[in-house]
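Below you'll find only one chain, the form predicted alone, shown as structure tokens.
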Amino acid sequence: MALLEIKNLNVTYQMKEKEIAAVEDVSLSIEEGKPLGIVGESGSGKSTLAMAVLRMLPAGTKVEGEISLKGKELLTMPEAELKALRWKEMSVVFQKSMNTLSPVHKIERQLMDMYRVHDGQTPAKEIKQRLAQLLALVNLPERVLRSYPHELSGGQLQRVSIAASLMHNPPLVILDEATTALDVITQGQILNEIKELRDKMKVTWLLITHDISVVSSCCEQVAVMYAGRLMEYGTVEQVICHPAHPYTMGLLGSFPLLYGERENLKGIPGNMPDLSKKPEGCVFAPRCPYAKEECRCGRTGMMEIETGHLTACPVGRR
């Protein structure tokens, strides 16, 4: 049984005068111990998908499909049951950690309050010991507990958020652009810590990012999204080393290589389509260098080109 399974997920934001199809017919799964990275441009639907899993979308948002965690259906689960499941079965680390912490309370007070929401029986002394252990796991000294958020750096705050997400040993942790706002060195340090935590805590990550290099460094599976649709899905080796979809190829072509001969980077021309007025055919066709007339007339479903490697358009293999 998959740890997390998403089937035919559709998410539509209801606006005053129009509907925004943010996620369309997305299906994917995460096996326990095999972290999945979801990559794509801003506006591709990555964070919307994550918030759908957490059921934290704005009121009035239309959600269709199935999302199950360890066999439990999340979309139809009563709110009280879902509240008990959050943080114990799944948790999240957001991009801007400063916005998730109160500026007027010390870190210890905030983390203890978070802990007690889901476990009010544990004595304060044991909670403090647990918090100190978690901070050590993310390479923070115990004195951080006595600090206010403004006294910590961005990297330290993000480590605090990661520690908070691990309080109750959830099997699934969602990292929503958790390292995007950090400098390259700090980002690298935290990504290394995330990889170590995977083995120490037996946690499975769902990593949301626009940086394909982040996915390649700490994930086993990767899903490429564009304009709300899944473009390509498979192992990191399959998708990054042998891309099949033109959009994946474009993302890789716009990323500088550390080794080998110097090459000019090539951006993807054009812009993301209006999500309220998507084209009838392939959503990437207006920007695709391989697009033909049939691409603009109809859409194809995901096709498997090798075991576990799916793509919406295998033009790169022709």
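Heads up: residue numbers just count along the shown sequence, starting at 1. In this text, all values refer to a predicted model and were calculated from it rather than measured experimentally.
FYI, the form predicted together with a small molecule isn't displayed, but the following is about it.
Participant: E220, E193, E177, E108: which sits within 4.5 Å of the small molecule in the predicted bound form by any heavy atom?
Facilitator: Flagged contact: E177.
Participant: Please determine, with the chain shown alone, which of 285-293, 41-49, 26-34, 246-254 has non-hydrogen atoms within 4.5 Å of the small molecule in the predicted bound form.
Facilitator: Selected stretch: 41-49.
Participant: Do V63 and the small molecule come within 4.5 Å of each other in the predicted bound form, heavy atoms counted?
Facilitator: Output for V63 is no: heavy atoms all beyond 4.5 Å of the small molecule.
Participant: Does L275 reach the small molecule in the predicted bound form, with heavy atoms at most 4.5 Å apart?
Facilitator: Within the cut-off, so yes.
Participant: I20: heavy atom within 4.5 Å of the small molecule in the predicted bound form?
Facilitator: I20: contacts the small molecule in the predicted bound form.
Participant: Taking the small molecule as it sits in the predicted bound form, is G267 near enough to touch it, meaning that at least one heavy atom pair lies within 4.5 angstroms?
Facilitator: No, G267 stays farther than 4.5 Å from the small molecule in the predicted bound form.
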